[in-house]
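Below, in structure tokens: the form predicted alone, a single chain.
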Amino acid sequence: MFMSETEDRAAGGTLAHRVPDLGALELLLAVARLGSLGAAAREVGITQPAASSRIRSMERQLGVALVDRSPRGSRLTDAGALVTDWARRVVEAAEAFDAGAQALRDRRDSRLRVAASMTIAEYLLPGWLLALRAQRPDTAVSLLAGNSAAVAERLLADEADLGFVEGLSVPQGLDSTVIAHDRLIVVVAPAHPWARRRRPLAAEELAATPLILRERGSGTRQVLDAALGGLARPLIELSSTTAVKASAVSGAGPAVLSELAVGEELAMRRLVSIPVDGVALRRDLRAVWPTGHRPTGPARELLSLTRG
């Protein structure tokens, strides 16, 4: 049920109205690090009066005092220290978002072309690209996202320098190294009957149930089909992890997803994880490249960052 605009304002407004903008959060982090509002203002490129005004505006917005000002400098209040810890996570997430978004742009000067399967592209790659940017700020990166089969096609057509896949096997013509491990889990909305069951699902019951699934060619689907002997029954087939997750949250049916993708939904009880007996749903996440062409330069550096 959606709230009217009046109800939304009564409940505190939209998230954009309740959460300070990134510029304000970056300023607060600078104050915490430098201990001076003036020094923080210089670092972010604004005047001290503008910085003071921005801090006061943020304090009014949040309803708490964030900074104690004195002739000796600026010190965070207890509430300010807590907000700063939260702000740091928001800014880091925004930086990772920006690194991923930049890589999606069609950049003619790209010197590193990366192809990644959807789960890795959505949940792991932005952080790796942010780390690469810190080490190689002049390296332009382009990202091609698709399922594992599409990643292999890009590499073999010389349209990518380095790829990341999540299936059970290495596509023909590619060399690989395991960079991480992952597990698929069965999830349902809290209102689904499975959410109240006390016994794990049997493999036969899972195989007999229509599921919200990724499309054939994806690593997620490959692992599930192998675990169920090719017997997985699609209720809906979708081409992105986010779409599968949204359908499961809406109550459309059970879904099988990477545990990387559903941590927040499980913590907020928007989805419930259902144990399954007798089904091997673990998988390796791999970096891949054309056989005999070991990654060099920025590709090698990105590969090393995935193991950190």
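Quick note: we count residues from 1 along the sequence shown, nothing fancier. Model, not experiment: these values are computed from the prediction.
Beyond what is shown, the protein has a form predicted in complex with the DNA; the following relates to that form.
Only one listed stretch (236 to 244, 249 to 257, 36 to 44, 265 to 273) carries heavy atoms within 4.5 Å of the DNA in the predicted complex, and that stretch is 36 to 44.
Contact with the DNA in the predicted complex, judged by any heavy atom within 4.5 Å, is made by just one of 222, 142, 147, 74: 74.
Every residue of the trio 21, 56 and 70 has some heavy atom no more than 4.5 Å from the DNA in the predicted complex.
Although the partner is absent here, residue 49 sits close enough that one of its heavy atoms falls within 4.5 Å of the DNA in the predicted complex.
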